[in-house]
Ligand SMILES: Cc1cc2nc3c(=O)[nH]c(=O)nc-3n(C[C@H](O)[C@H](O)[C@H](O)COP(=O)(O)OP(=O)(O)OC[C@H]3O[C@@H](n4cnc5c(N)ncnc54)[C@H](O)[C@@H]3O)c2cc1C
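Before any questions on binding or motion, here is one chain by itself as structure tokens, the form predicted alone.
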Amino acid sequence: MKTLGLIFPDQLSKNNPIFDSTKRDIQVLYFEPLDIYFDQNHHKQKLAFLFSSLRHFIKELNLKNSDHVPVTKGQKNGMTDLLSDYIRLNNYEVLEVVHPSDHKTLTQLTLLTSKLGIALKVHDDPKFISSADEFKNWAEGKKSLVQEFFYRWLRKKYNILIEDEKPVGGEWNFDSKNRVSINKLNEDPPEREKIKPDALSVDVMVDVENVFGKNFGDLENFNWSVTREDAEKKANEFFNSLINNFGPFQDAMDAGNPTLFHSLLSPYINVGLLDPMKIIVKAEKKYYEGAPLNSVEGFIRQILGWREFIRGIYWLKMPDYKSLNFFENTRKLPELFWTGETRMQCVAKAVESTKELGYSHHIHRLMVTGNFALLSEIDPRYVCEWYLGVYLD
């Protein structure tokens, strides 16, 4: 049957099952103008990172049977109409896609293929270690869902930091050792290597300015890898010079350095430039080479624990999850979330780094902007939209 394989900007895994399907000579369509990029205010650096990573991926693969639909000024954008026209024009009978990252896109694809009378095949997402179905099975029958227990279950399943069927160091979690104040830091974090955008990335930035010129943030400080090779270099940079101090200072805040010892690898994992299990194995290896256990375990828990757990919760609870509002908060997001103009210095600094880098670490997000939003009784819909839009990961 004539088949179209669809690739979105965040589906760049080497082991993307669509490319296994190319052995059957299916057509591959790289598709940029998803509705979610136009529905809300996404950071310009996030859009540039996504589109540049995809275009470098296309160049690297150089597949014969492929097309590319970029975001283009003046062109109608939005997935349903563009994809419908493409499928009808070429008489495709099957649409194959890796499980999308968001519920809306999956719903659109389901409705579109039903309307066109063609089959839809959805593959598991190789960017995650556990599938949505596996999480659903794990969660079944449990009165409450606790990240720590899912994390321990995955540690056992994949034998991560396990010796003689017990956790290395005698404990599952060393978070209590990872709350050292910034005042205890007696050395400056090492300088990170700067990344100079190549010609292809510059072209993407021009497209982003043309199509999303009024969006949040700017592109002057763009310093993100957009190829697998450069993402691997960033991973090596973290493991070679940052991981030892990552654990103790992972909850610390420094007004002059928003990144400290954090890895900044999550954007690369989330688009498929880095494989999560390979990164976990590298971290585990660093422990056996002498890196502190509290740093290694804390890092692994972010990927194997929190990342897998929250993704599982999302697909288990959606679509109702999106509209939950336990405290019935009704206030809109104040302008300071976009401008950073406030006398509250912790909030101002968190927004400043967000605007400049498309990044701030988890304490800025949870304990500063998140806590402020809760105390200010802001409707969680607006808060979720802000978080989704302003950060690369």
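For every residue, the number given is its place in the sequence shown, counted from 1. Note that the structure is predicted; figures quoted are calculated from it, not measured.
Unshown form predicted together with the named molecule; subsequent notes refer to it.
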{"property": "Candidate stretches 118-126, 265-273, 156-164, 79-87 - the one whose heavy atoms come within 4.5 Å of the named molecule in the predicted bound form", "result": "265-273"}
{"property": "Partner proximity in the predicted bound form: residue 359 to the named molecule, non-hydrogen atom cutoff 4.5 Å", "result": "yes"}
{"property": "Contact label in the predicted bound form: residue 302 to the named molecule, heavy atom within 4.5 Å", "result": "yes"}
{"property": "Partner proximity in the predicted bound form: residue 315 to the named molecule, non-hydrogen atom cutoff 4.5 Å", "result": "no"}
{"property": "Proximity of residue 306 to the named molecule in the predicted bound form, heavy atoms at 4.5 Å", "result": "yes"}
{"property": "Residues within 4.5 Å of the named molecule in the predicted bound form, restricted to 364-388 and counted by heavy atom", "result": "365, 366, 387"}
